Structures are given as structure tokens and as C-alpha cells.
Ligand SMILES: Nc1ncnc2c1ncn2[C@@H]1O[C@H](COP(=O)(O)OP(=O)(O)O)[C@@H](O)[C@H]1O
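Just the one chain here, laid out as C-alpha cells, in the form predicted on its own.
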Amino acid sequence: MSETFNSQSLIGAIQRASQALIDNSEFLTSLDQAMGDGDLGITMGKVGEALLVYTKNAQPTDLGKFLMSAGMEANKAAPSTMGTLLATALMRAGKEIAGKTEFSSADAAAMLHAAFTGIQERGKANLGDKTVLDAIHPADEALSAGIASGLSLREAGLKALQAAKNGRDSVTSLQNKVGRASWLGERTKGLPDPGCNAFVVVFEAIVGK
């Protein structure tokens, strides 16, 4: 199915994701506190607020530059580990549609894949380490497969959202191996990963329920 989306589609997606991060700040903080940290919700809320300001009244002509600049705004708002990873994801995604005024379903799949690759390279984590990658990777694969099979972006997005949730849930029983959470060792087994949940919050807001 051939679909194209304009700047307002992209802006709307960013704004929904940003508002979801703000609305879920306390939830994400509670998950992060259980892992021995506690600032994830605050960090993501700051990013959400910054991106809402950035996108207000925006009329981009180059969607790639618009996304890459959004990444820089996210990094300025929250120069933390997760803030940096989110900024990297936005900038990598932006490169996929550099110079474009519209984007296709295939472009959307390429953007998600670029975001996944960027986070993996920047964070230096592996699948199964119980990080945000464990939710993004299955979503990336499901979205690409859905688009390739002819599904609409929304149909493929819903399948990808379910895949992200499954990925998130599949690592809950595991031990966190990266970041401050890894300091708790086996005590992280059975605790939901904050990064995985943050991605599901964002992706669900973009796709819709």
C-alpha cells in the first residue's frame, strides 16, 4: 500500500509522543527508582516539554533537518544517558528523510531502523541486556515486515506496537546488564525495564491504541 505523509503528520507524531512522556513522567520515575536511579521520568518529561515548544507553530520544509534539529533540542533539554540516546535516535531517523517534504511508509520503517541502530551503537548494549533495545528491535522488525507485506502504516504500526510490548515483557524476568541498574545484579530480575517501558509509551502515542 503506497502512502505518503506530510510535515503535519510528523509534527503530530512528535507532539503526541512528547505529551505522553510528560503524562507518564511519574510512572517512568517509579520504575527507575526500583532500579536504584530515579530520574528517567524527569528526564523524559523535560524532553517532552522541549519538543512541544520546538514543534509549536513549526512549518518545516526539510523534514530530515527538522528531525535532526529536534534531536539537538532533546539533547540540550536532557543531556543524560537516555536523553542522549533519544537525541541520537531522532538525528539518525532524520538522516533517512533528509531533503524530503513528505515521507512514505517505507521511509517510516527506515527511520525506526535507523533509530534502533543509532541507539545500539551509542549505548553499546546487546539484545538481551534488558535495555530499551529489547523493545525497539522487535518493533523495528515487525514494522519493516508489515510494510513490506503491503500493510498500511497504521496496520503495521499496531503490529510493531504489540511486538514492542512483547519484547518489553520478555526481558522482565532477566537481569539488567547495562547502566546503573546493573549494579543491583540479580535484584533486577522480575522488575520491568524503564527504558523498554519508555519506548512503549512513546510508540503507543505515535501509533495510537
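Residue numbers run from 1 along the displayed sequence. From a predicted model like this one, the values you see are computed outputs, not experimental measurements.
There is another form of this protein, the form predicted in complex with the ligand, and it is not shown here; the text below is about that form.
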| item | value |
| --- | --- |
| Distance check, residue 178 to the ligand in the model of the complex, heavy atom within 4.5 Å | yes |
| Contact label in the model of the complex: residue 123 to the ligand, heavy atom within 4.5 Å | yes |
| Non-hydrogen atom contact residue 88 with the ligand in the model of the complex at 4.5 angstroms | no |
| The ligand contact in the model of the complex: residue 32, any heavy atom under 4.5 Å | yes |
| Location of the ligand contact in the model of the complex, chosen stretch of 68-76, 88-96, 104-112, 129-137 [non-hydrogen atom, 4.5 Å] | 129-137 |
| Contact check for 141, 162 and 200 against the ligand in the model of the complex, heavy atom at 4.5 Å | no |
| Listed residue that, although the ligand is not shown, lies within 4.5 Å of it in the model of the complex (heavy atoms), from 39, 62, 49, 155 | 39 |
